[in-house]
Each structure stands twice: as C-alpha cells, then as structure tokens.
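First comes one chain, alone, set out as structure tokens in the form predicted on its own.
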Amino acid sequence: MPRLRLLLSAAFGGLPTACGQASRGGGRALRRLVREPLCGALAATLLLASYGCGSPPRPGIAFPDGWPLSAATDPVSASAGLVSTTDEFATRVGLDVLEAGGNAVDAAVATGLALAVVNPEAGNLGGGGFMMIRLADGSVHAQDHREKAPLAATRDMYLDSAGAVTDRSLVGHLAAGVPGTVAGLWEAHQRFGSMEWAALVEPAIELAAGFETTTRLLSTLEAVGGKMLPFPAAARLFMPGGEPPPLGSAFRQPELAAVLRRLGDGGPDDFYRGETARLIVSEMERGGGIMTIADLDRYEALWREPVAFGYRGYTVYSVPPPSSGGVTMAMIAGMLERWELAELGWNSPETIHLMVEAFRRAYADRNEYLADPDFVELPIDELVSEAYAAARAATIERDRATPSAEVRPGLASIVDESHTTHYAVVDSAGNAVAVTTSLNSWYGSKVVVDGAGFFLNNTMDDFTAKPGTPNQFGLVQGAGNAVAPEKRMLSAMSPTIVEDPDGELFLVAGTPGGASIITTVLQTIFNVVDHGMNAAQAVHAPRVHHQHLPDLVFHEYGGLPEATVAALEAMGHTVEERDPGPADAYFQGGVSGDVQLIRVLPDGSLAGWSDPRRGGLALGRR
C-alpha cells in the first residue's frame, strides 16, 4: 500500500467504513463530544480517501494509478447550512451554532475559537489571518487581522554581525508578530454576528476543559514537539515528561480555558490590555522578546477592499495585500484564461505546463512588488489589468519551459518605497464566510505564553529578512516586504469566495500551505470550473506547484504519472516529487494543502468536502 494511503487509513484502522463524510442534522452535545473518542464520521473520512465510493468520476478525469484519494466520491450534501474544517470537534461546534440559530459569521467565530483549542499547531489566539465574508445580499467584505511587527522591530533584526540570516525569525520570542486573531473574530462578530459573544466562546472553553488526544494532534507533536523542549511552558503543557500525551488520553488546557473565560466575559480588552496582555509581555521579557503592552494596545483588525477578478464568466473574490493571495490569483487566472484548459485535459502535460508558466510569472511579480499597502505604494491596478495579463501570457511558449532566471518582474517601472488552517461556513440564508488563520510554522515560534497556554506565531519570518535570501517556504522576496515597526508581513493566505455568472454564490474555498496556498486554491477552482469536478473530486485531485524560485515543479507524492513527468521534463521543466515522510511545515506526508470547500448547486443546495489529507470533516444541515 502506498505511503500516503497508509497515513490516511491506518490511523483509524479497524473502524467501520462508510461512503461520504457524515452529513448529520444534529450533532452530539458538546459536553458529550469532548469526552468521546473520534469515531464514525472521521474514520469514514479517512478510510474513504483510501477506498473510495459514491458517484462515478466525470468522463475524461482519471487520477493516477495508486493515488489514494478517490475520483468516485460524493460530497456532503445539505440544504440548511454547511461547515467544513480540518477538525471534527471544530466542525461540530460550527454546526451546533447554525442549529442554534446563529448565522455564518457566528459559526465562523465559534469555529475559530474551537480550532485554537483542538488544533494548536495552526488554530490560534496567538497568530493572525484573513477573513472573507459574502452576505446574502451580495455584499462582499475582506478583513485583515494579520499580525504586525512590534514597535521595536528593525529592518536587519534577523541578521548576524556578518549579515547572514539567523533562525531568530523562526524559533523563539523574537519570531512573534503582534497577534490579530482575537481582534479579527471580535470585529467580525460586532459587525455581522447575531448571537451573544459569550455563547460563541463557551464551546471553546468546554473543549479546553478536556478533549481526547487525536491522531492529528499526536502526529504533529511527534514531528516537532522536540523543538518545544527549550521553552518551559510549551514543554510542560504539550510535551509532559518530554513526550506527547498518549493517544486517546484527556488533553486538558486549564490556562487556555482561563484566557477564554476572560475573553467570553469581556471581549478582547483583556487580551490586548488586561491580564492576558500582561502574561504575553511577561513571556516576552523572560525570553528576550520585544513585544510590549503598547504593541498589543495599538493593534486593530482592518476592513479592506476585496480583490475581485473574472474567470470564464465567474467572479472570484479574495483578500488584498498584505495578503498576496487575491492579486497573485488574479494574475495567474488572467494569463490562463487565454487557453481552454478543459480541452487540453485535466493535469495533462500541456495543462500543467501552462499553469506552471503562469505560476512562475505571477510569483516573480508577487515576490517583488507586494507588501503591506500601508507602508508601500503597490501597483495592484497594473498587475491585475487585462493588458498586463496579455503581455505576460505572450511570453509563454506552448512547448518550452522558461527558466526562472529569465523571468523577471514584469512591470517596466514601479514606484519605489520612500502551519495555517482554513475553514468555511455557509448558512441557510446564503451568508458565507471563509477564514484562513495561521501561526506560520506548526506551533509557530514554539513559545507558549506561560500562564495563558497558547502558542505565539513565527510570522515575522514572512518578512524579507534579507533581499535575495529565501524564507522557510523558499520564497525569495523583495525589499518592499522588509521588516518595519507596525508593518504587516506579506502573506499567501487566500480565503476565497466565487460567484457564478449570474452573480450568485458558487464556491467558498481556502487552504493552508505556505507559498502553495495560492496555487492550491486556484487548482481547486479550475477543477470545478474548467474540468467539471464535484466538490470531493476537486479536493481529492493531485496538485502541482511552482513559485518562481526555486525553479522546480513540485507535485504531491504519487500525484503525477511517470509519462507526465517525462513530458514536462522534455519541455525543460525540472520536476520534483514531494518527500513522502512527515514535514514540519506546509507539506505533510508528501501532500500539499488542506482544502475546505463548499459549493452551491443549481438547485440552491450545498455540497461540501473537507480535505482528507489532514483528516478534516464537513457536516451539513438538512
């Protein structure tokens, strides 16, 4: 059995199989849920990925031999709301909120807080992210709750005396930006929520009182827990006795529960100005960090104008800078719309070649031009224009790869500067929310705030520590993204909402994955729009990635047939298969991303799917 199939199916070996992720009208009471082992629905999700069942694949779509995710899978169906996340506990929390009469924003807030408890490697209070909201009236809103550099941050703070980049942006107290998640969830609730704030925090408090240690939590702790050992609070809570907690044991987080109680009672004031803020600052002082109470007090989540672009009659909305997601997707889609990908065939050598060439050109521009728009004047209108897409596409040769050394940022002039998780919710009224939130690496900086029980991010690594030097995701970025006080670091997070040609809600999507987020989200959209896949097939399909530098076409372990690889190499591409082993970042076990996808069908019903690559769950209301 291939390594990936073992990763997905052996984790819950012996449990009964079923066709499709569970679609349930109720969901167990939370107090019962947090005491019971994962069962049924999640096991079926994982085992389905290996064995597959449901409707036949679309004609002409055939996944590679040995690829463990089935092309013959029916998505979860629902008529009165759907929630898709990377974790069963969090999905059930969101569904419970919808069933209690909450709207999609209410469910997203409760789900995000639950993920901070049950998915501590990525879900967070100590990180940040972006949120896309489309209300039933058709209005679209983009929220930026990305972290900010502390006031004491300096341009060269991650260089040693010889000018070389250190690891201080990755591990330890200096790696943390000022967290934005709490402010973002609060601001979304205050503007669009309908339920009482305290009621949305309560499920996370109950989960923090104890839930059973899952395979997912155990596997990530086994992979990177050793890096926590130098940090006393992290080691005490997550690696007791130097080892992760046993599978199935009760995992309790009383310090985090106390933080959440204060959050439920008084909103974010405690986190940014009260007892929790003092705990964060004390942790900074113990570890030589630079974040202060002034940094926390000054933090604000911002509403920004969404990036909107057309693709084959559909309208795609995503987040603007300081996320690079919306602009980069717009550049890629603008180039690729010139070729009929459906006629060329899904993941044919020709289709992959064209995608890769568009990827490399868009990432060259992304890495050079995009940054925090509050600090750098950005040429967004030029980058997403039809004329620019035509000019960039004209440089793509149909039968030859362009070496990245020959692909430079494309604008003739430019104004000079003077482990992540995603979840999706649609409610019965048609309100939709897509949220991508991150600590950056798994467990961020590996620093837990003593007395508060949550990890701090290491998103300072998303700045350009030194132009020309790659960050942990291999991105070689420009000086516009250099560190500066109160600046927001460039991101690839791309929560995305798509409208159909009639202007109606069509897709809600997103994924973690570092630099590969953008290409993963776009390929999922292409799979539906160009290749006619259903929600499950679009998520299951193997993915490829290129980011300009390094000049490599990455593909998932087992994701491309040998003949396709040979054809790409004959065009001049260098193709690399992802390592099948575990990884401490955005690829785990040779796979990329963790897509959460909800689609609105022509009859108004919902179809959703949670990526089995990391064991998620989608649930819907009938």
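All residue numbers are counted from 1 along the displayed sequence. These figures come from a predicted structure and were not determined experimentally.
We do not show the form predicted in complex with a small molecule, though everything after this point is about it.
Only one of 196-204, 148-156, 508-516, 258-266 lies within 4.5 Å of the small molecule in the predicted complex by heavy atoms, and it is 508-516.
Among residues of the shown chain, residue 420 is one whose heavy atoms approach the small molecule to within 4.5 Å in the predicted complex. Though the partner is left out of this view, residue 329 does not reach within 4.5 Å of the small molecule in the predicted complex, counting heavy atoms only.
Of the heavy atoms in residue 462, some are within 4.5 Å of the small molecule in the predicted complex. Within 4.5 Å of some heavy atom of the small molecule in the predicted complex lies at least one heavy atom of residue 491.
Of the residues 318, 438, 445, 84, just one reaches the small molecule in the predicted complex with a heavy atom at 4.5 Å or closer; this is 438. Scanning 473, 311, 388, 251 against the small molecule in the predicted complex with a 4.5 Å heavy atom cut-off leaves one residue, 473.
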